[in-house]
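For reference, the chain that follows is the form predicted alone, supplied as structure tokens.
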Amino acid sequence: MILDDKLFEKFGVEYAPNEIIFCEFEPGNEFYFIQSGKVKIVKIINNTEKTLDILEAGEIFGEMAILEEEPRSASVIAMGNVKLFRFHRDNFETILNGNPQLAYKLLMIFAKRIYDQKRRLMILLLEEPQLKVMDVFNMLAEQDPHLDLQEAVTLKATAQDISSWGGMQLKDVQKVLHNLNQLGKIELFNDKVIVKNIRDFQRVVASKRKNLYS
């Protein structure tokens, strides 16, 4: 959904390539809707900058600081020329009252984003690289209700995608993928991975997570 130009004149902002939109740990009083362009979400983990996600037109970011009234949990950087709608507490209600379609869109995005952020945090809290990769596969399988988890599942993901979702170095992901492939647990392709027994990955990760919190 792209919002109209009149609304952009009033509430829109633009950023140049590589410009920082906001930084991790800053207080968060605003969130953004991407009108055009792409941004990347980055976070410092173990003194290394990790790309957690790349967002495109029609998506929002920064809403967790608004919902939870906490500092920014990550930084956001423009990947090219970006046009954004900037929402804050003072204008949020006014904008939504005049745009019911936007209100519904944001409600759906908020609900999904809260789940996604908490799900990714669960992955980041795992220490072993192999467990992180397994749980990325688990997360991707959970997102597709049409998959039969009793059979081999095909997941659209590259090593770089897995690296971003798991907050890992690409070389570490590639090493894990190679090992799992050698063990016959997955089949690797350029843009997808076939997991032979996703239920097995779910059991392994659940067992480890239970031990962590017991």
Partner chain sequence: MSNGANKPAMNIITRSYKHGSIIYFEGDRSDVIYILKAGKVVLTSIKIDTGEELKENIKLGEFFGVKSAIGRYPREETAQTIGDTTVLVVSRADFEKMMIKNVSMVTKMLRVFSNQLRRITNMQREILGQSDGINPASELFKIGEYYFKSGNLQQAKYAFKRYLEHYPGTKFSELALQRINTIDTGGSNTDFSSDDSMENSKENVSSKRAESSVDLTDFSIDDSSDNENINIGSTHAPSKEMDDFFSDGDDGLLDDSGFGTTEQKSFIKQKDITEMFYEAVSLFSQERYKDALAIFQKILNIKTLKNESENKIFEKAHFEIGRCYLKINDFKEAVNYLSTMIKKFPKSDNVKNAFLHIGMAFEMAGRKDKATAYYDKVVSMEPNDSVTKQAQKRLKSIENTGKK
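Worth saying up front: this structure is predicted, and the values here are computed from it rather than measured. Numbering follows the first chain given and starts at 1.
There is another form of this protein, the form predicted together with its partner chain, and it is not shown here; the text below is about that form.
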Using a 4.5 Å heavy atom cut-off, which residue among Leu147, Ile34, Ala157, Met64 comes into contact with its partner chain in the model of the complex? Met64
What I'd like checked is whether Ala16, Pro71 and Lys118 together line its partner chain in the model of the complex, meaning each has a non-hydrogen atom within 4.5 Å of it. yes
Contact test in the model of the complex: Arg113 vs its partner chain, heavy atoms, 4.5 Å: yes
Heavy atom of Val153 within 4.5 Å of its partner chain in the model of the complex: no
Taking heavy atoms and a 4.5 Å cut-off, does Glu93 contact its partner chain in the model of the complex? yes
Indicate whether Val42 is a 4.5 Å heavy atom neighbour of its partner chain in the model of the complex. yes
So which residues in 25-57, when you check its partner chain in the model of the complex, have a heavy atom no farther than 4.5 Å from it? Phe25, Glu26, Pro27, Val42, Ile44, Asn47, Thr48, Glu49
Closer or farther: how do the Cα atoms of Thr154 and Lys50 compare in the model of the complex versus the shown form, where the change is at least 3 Å? closer
Would one find the Cα atoms of Met168 and Ile20 closer or farther in the model of the complex than in this form, where their distance changes by 3 Å or more? farther
